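So here's one chain in two forms, each on its own in structure tokens, numbered structure 1 and structure 2.
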Structure 1
Amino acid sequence: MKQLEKAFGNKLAIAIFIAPALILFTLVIPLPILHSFYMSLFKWDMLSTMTYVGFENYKELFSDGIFLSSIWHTIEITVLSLIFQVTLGLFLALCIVNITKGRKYFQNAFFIPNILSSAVIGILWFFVYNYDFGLINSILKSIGLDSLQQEWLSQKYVILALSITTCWQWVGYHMILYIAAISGISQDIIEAAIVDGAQGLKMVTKIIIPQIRPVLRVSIVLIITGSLKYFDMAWIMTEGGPDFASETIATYIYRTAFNKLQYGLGSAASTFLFVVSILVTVLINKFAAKREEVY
């Protein structure tokens, strides 16, 4: 139908429809990424003039012990988050799909933390972990386990404490994704597996996990990319402390740029974070896609 093609191929109409989104998106996301790379080649505190320093900022970045440890903390948080959220999320999902009563209550109970803002969660858990009046220590005290009381946000435990809070916040989200995926497995496959004698653990490892692999991949990508930009909890609860023990790449960027006014160095760290995010996403997608072909 000529008329149809003419109407829906109307170049002006296409431009009018797409322009607002395209312009806004380009101005706020891709262009600033390039701008950030450009600024990483300069020293600038916004007061004096910008001086071109080449890759000096990157050299400074990788000789800064705090930045290097922030990479390490980010990796620790990523690994702990993967372990806690994927295994617990999957376990909870498997439990919930097997019961009929109270399912709605459990889903809501586990998901509720995810809808709260990180400011609410961060401040709440800041109190939960407090040494003098915190929930954990006061429970330990009331059941006579005084000796187990800890300074939970101390250098020794802070990364673990932050990861537990993050798990509390996100495990319900991943659980919901897994429940949706498990419920989507076709009846034929389950029936055939039962006929073949798949039961219990075998059903989980041979049927369910391979069947929900695409969703597992999505959830792993989300946890890793989420951990790479880990900021809210670390900033709200500890501001990267004590003594930089919970500094992440993201809090480093924020501190360097907005507290220390070293915009060039902060931009170099941003560019580093961008490159790592892209690499990680591409790698996981490649790796996971290959594994899928096996099945």
Structure 2
Amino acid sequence: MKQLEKAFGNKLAIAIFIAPALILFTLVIPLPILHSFYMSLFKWDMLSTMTYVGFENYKELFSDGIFLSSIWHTIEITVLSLIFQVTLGLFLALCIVNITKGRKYFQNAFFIPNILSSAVIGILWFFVYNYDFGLINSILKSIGLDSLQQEWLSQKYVILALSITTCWQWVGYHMILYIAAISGISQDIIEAAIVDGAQGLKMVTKIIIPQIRPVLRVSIVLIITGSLKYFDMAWIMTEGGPDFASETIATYIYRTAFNKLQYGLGSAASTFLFVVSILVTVLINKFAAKREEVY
């Protein structure tokens, strides 16, 4: 123990222990980000000579209507993902946490979509939404609600359809987080609340949610950061269409950089997405930390 304390008091020893991780972190995280920002200052199609243009790519980016609409679509997906995944995940956790028989079955059943690849889920739900033989329209037709049949991946419904698919994939993951947090609440607190008359919705809003607030914060940060870089499902199911109706910032970056070979413009969009992600994460953590201090 004394030797360990001596080692932690030696600054040279601390530097030697930290150096490998620090070098690896510097190579893997900040350098690619800085390189992307550097590339955003050039016009380059990956074939010809790079031309320095300063911040022209950023001016072009914010005058592009498709990019501006992709920001709005990303916000829509983020808000819908928060609503669907947090509320449904919390509801499922509250239902399952008190089940004594079959609890593991329900946990696994809702968690299984999380272990499937996005490609599999994208193809699966592409057929579920199909107008002619998809599951949703088939059910509506079988119960006599033909008038409600829709082209679910049309411009009008595509963002909602993608958000539901994402919820199906990730709600089990957040449910498991909430179950673990609820299970960790002291029984003394629950019993004291029951004695004070807290039951049902009052128990959830006044006792359980405040007690699991740190886990909720982590869950919300994960959902928002995941939605900001939303790419795989939108690309697999619609390729950003129809008519860019499901174009997100991430699909815009891919289309611009690798389909149109406008690497500088794509790098500018990547830098914008990185800055927004950092700002949103910092703001959420600061806001949540203040609420926890108040509590």
Partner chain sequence: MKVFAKYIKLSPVAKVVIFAFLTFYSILTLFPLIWLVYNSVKTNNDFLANPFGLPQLSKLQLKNYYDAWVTMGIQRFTINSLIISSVSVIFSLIISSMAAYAIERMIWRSSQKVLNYFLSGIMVPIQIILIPLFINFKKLNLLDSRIGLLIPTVAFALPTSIFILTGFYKTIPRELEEAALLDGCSVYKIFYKIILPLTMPAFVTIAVFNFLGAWNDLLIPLVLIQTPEKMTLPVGLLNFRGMYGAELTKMFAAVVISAIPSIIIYFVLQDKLLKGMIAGAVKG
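Reference numbering: structure 1, starting with residue 1. We call the rigid core the largest set of C-alpha positions that still match within 1.5 Å between the two forms. Worth saying up front: this structure is predicted, and the values here are computed from it rather than measured.
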query: Pair member that is the form predicted alone; finding: 2
query: CA of F274, rigid core aligned, shift of 2 Å or more between the two structures; finding: no
query: Following rigid core superposition, Cα shift of I18 between the two structures in Å; finding: 6.6
